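In structure tokens, the next block holds one chain alone, the form predicted alone.
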Amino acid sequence: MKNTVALRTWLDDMKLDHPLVIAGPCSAETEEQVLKIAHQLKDSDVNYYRAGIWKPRTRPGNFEGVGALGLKWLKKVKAETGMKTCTEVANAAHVKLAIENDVDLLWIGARTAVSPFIMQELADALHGTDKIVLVKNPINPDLALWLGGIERLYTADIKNLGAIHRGFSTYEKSKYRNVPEWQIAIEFKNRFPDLPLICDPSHITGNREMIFDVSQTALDLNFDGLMIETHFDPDNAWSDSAQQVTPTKLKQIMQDLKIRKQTETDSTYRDSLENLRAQINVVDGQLIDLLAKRMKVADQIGELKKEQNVAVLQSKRWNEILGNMILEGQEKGLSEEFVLRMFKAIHQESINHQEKIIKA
């Protein structure tokens, strides 16, 4: 995408003194529920009121939304509270209905963003719109696919664009509902610094008790805003009850969050920071040297296995290493998740080295 500076205009024009906040229920359940939550959020930092009208569910039989009827409820929200509204769209028919009902912001969900065919259909349906359109990351950790979807919209002359980071699906055990994979979001920001990026801590965590910590991490990484699911009675919500917070709790979260400065010009701070960064550079160099040495040993193991016709993968040995490293890491303040990811990557590289030798 060229001329990306223009993409940030819609957010800059809002002239906010706090991060953008999108909040409201996971699903619009009843007119009373939608309006009650909206009025409780009226005098808060919320900029856009969200409610799921069409709900893509993993399995049939679960609540899949009230459909177009809910759009009338969103119109009442705007009329009674003055808040702008937003909802998820997944096909051209959704787009048409949402625009006809004056929804201000549309987002495209993770299950939809994974399909280039559907993204092109939506780009065609939205062609030239001045509505704000946000794209959630695809469910799989594929930065190119995420960017490709946004580029399709940009090519369709949709300039008020942005992205939502909602984490990624994984089979591996994790404390998150969807693993954040922060490095992908960081790379996204590096590639397109002028494209607004919103964090969805509700879908990342799946747990209301973790919303604050993930929100703070996002702000520490210079995200532009947050999308947080909010319900006056979360435990009895019709969908995703565990990850919704009450309007009162949302207000407290927004009050407690710390907004970090992007930089600091004080010379003492700059000198200290440069010194610490220099230390990190030295340690990073040492890490590369150590990993290179480890792979040389792996090469020697590969030669030995080749001579004796022994299989590359030794599961018992691998499990022993992993267990020991997790324990050692915890003793030194490293999370189990980090140690697992790091040593799985090292193990895979070792296997690649040995496979190359055995096949030579």
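This is a predicted model, so every value here is computed, not measured. For every residue, the number given is its place in the sequence shown, counted from 1.
Although not depicted, the form predicted in complex with a small molecule is the subject of the following passage.
- Message: Please tell me whether any heavy atom belonging to C26 falls inside 4.5 Å of a heavy atom of the small molecule, as the geometry stands in the model of the complex.
- Response: C26 belongs to the contact set for the small molecule.
- Find out whether any non-hydrogen atom of G162 is located within 4.5 angstroms of the small molecule in the model of the complex, and reply yes or no. So G162 does not count as contacting the small molecule.
- Using heavy atoms and a 4.5 Å limit, would one call W107 a contact residue for the small molecule in the model of the complex? Residue-level check for W107: yes, a contact with the small molecule.
- Message: Can you tell me if K251 lies within 4.5 angstroms of the small molecule in the model of the complex, counting non-hydrogen atoms only?
- Response: Close contact is absent here: in the model of the complex, K251 is far from the small molecule, nothing within 4.5 Å, heavy atoms only.
- Task: Heavy atom within 4.5 Å of the small molecule in the model of the complex: which of R152, R111, K78, K131 fits that? Just give me the one.
- Result: If I apply the 4.5 Å criterion carefully, the residue I get is R111.
- Message: Within 4.5 angstroms, counting heavy atoms, which one of the listed stretches 32-40, 47-55, 64-72, 287-295 is next to the small molecule in the model of the complex?
- Response: It is 47-55 that comes within 4.5 Å of the partner.
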